[in-house]
Ligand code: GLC
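The chain below stands alone and is given in structure tokens; this is the form predicted on its own.
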Amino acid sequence: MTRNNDRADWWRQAVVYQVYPRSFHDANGDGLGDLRGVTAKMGYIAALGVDAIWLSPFYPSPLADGGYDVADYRDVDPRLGSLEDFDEMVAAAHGAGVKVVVDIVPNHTSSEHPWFRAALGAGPGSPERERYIFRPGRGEHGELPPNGWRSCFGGPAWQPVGDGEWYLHLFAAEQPDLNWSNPEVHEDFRRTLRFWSDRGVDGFRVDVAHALAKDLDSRPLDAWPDDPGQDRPGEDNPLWDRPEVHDIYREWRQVFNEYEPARFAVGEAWIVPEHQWRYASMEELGQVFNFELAKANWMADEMRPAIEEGLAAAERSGSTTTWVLSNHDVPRHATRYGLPQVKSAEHHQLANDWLLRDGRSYREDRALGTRRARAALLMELGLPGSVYLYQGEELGLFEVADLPWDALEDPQARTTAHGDALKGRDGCRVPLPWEAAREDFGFSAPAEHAPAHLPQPAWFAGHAVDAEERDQGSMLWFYRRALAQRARLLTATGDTSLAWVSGYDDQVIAYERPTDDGRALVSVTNFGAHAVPLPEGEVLLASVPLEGGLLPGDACAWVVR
């Protein structure tokens, strides 16, 4: 039988495990995860049953935004290791049958990048400033920003440099936006893609993929709305999802196709679903993140359209879609599902009030959140396309919403004012627990070590890897079983067809997939309060025990027939 990872198009139905290196495992004891730590845990990753790892940025960085402020795109942050450590990690991954995907951050650099330091020193009108987006300020002496655009992290999107000019930063002030109208920017990123591909990287995750192309010249800057909105695509949006961005990715595709097998990329693009297919075209990146599941409440009438939109975008692109429940930018889904489930806008406000502010306004129902997270995994894993898992979800980790303010690292905690302040995304980035009995839960390998860079709560002990290894009913063992069955039944032939199963009410999502051995797998997820019957066949997996042969609420089962 052909393994999924033996295929040139392995990524079309891959399970990809996101590693946030600074919080994964610390090999040298400085309290910060590193590449040698990833290598040391490659056996754990392989045993989980994933096809690939995706590494969040490990490049030299001042860490104004968790490494997404890159000072050098073709090196390793010395705190995380060296290029030799990277090569050893890739060799270990490939030796274990695991592909390697790395993050690429093309919208902005760090303000410590040599290009930006040169731009500040060169002055207005210089070629160095043309690599970024500088504009004259308004007012008699340029003392006012060019317009009222706001940063995604809060505050103005323009920063003055003291000579009458301001530079654009859609994120933190330490992340100046690049000017993708400049040929030098294009050439430098082609060089970067080749640099990592030559070192054995199998693919790329593209950060803020929908923002590279911008229009600052077709009308006066102050004529644009202060908030163009990422959900308003097209030529009338100066910042997001502009049609010119696809020229960049067609150019990148030529680089990807220089390799055998061709490299692929998956774009992070928080865009309207009907535009996803453009990025996922095989003429461009190959895939784009479908965040609709991550945005949905635990409700059938939100999950079903999220699935339908993902499948429709995949069909239009000629590629496959992706399924995401959690990542480094959103609160962990075991916690989200344990909060009161109200319609999306209200639910997101509730999550912001609790998870992203003080962590005390509400407490999630952890038993319920865990039950729903197990069901969500089975529902997700049966779908055609690629599944992206976030480190720690296999342990059933919850959001650490009560981190002390003085421990926070996310720039949102600095750029939003107290009273309306957001704690940001650190609650899902707390270092992983490996050993229940260790002070730092085994995050650092040496016995003598610095504290973990974000404090770990005492309840992590119950979710440590060694504790879950001893419990065959744990979330970790559930993930391993589910991933093994997916690999055995759904990936060898490359068949990505799906048929909806009728006969259930609107509280049930049921679909059928052909298996690699000629049978059919039926996935049934019950969002309702009452148990429902399952189709005839062998019950292969269930997220909770059945009740008299019936599937209870907040549960999912796979039946093979």
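Quantities reported herein were computed from a predicted structural model and do not represent experimental measurements. Numbers for residues come from their place in the sequence shown, where the first is 1.
The form predicted together with ligand GLC exists for this protein as well; it is not shown, and the discussion that follows is about that form.
In the predicted bound form, ligand GLC lies farther than 4.5 Å from every heavy atom of Phe86. Remark: Asp329 counts among the residues lining ligand GLC in the predicted bound form, judged by a heavy atom distance of 4.5 Å or less.
At the 4.5 Å threshold, heavy atoms of Arg336 stay clear of ligand GLC in the predicted bound form, well away from it. Shown alone here, Glu309 lies farther than 4.5 Å from ligand GLC in the predicted bound form, counting heavy atoms only. Taking the partner from elsewhere, every residue among Phe153, Phe171 and Arg205 has a non-hydrogen atom within 4.5 angstroms of ligand GLC in the predicted bound form. A heavy atom within 4.5 Å of ligand GLC in the predicted bound form is found for exactly one of Arg425, Arg304, His463, Arg263: Arg425. Between ligand GLC and the residues Gln175, Ser444, Thr320, Gln276, the one pair within 4.5 Å by heavy atoms in the predicted bound form involves Gln175.
Comment: 61-69 is the region of 500-508, 513-521, 61-69, 33-41 lying near ligand GLC in the predicted bound form, near meaning a non-hydrogen atom within 4.5 Å.
Residue Glu268 is the sole member of 253-279 found to place a heavy atom within 4.5 Å of ligand GLC in the predicted bound form.
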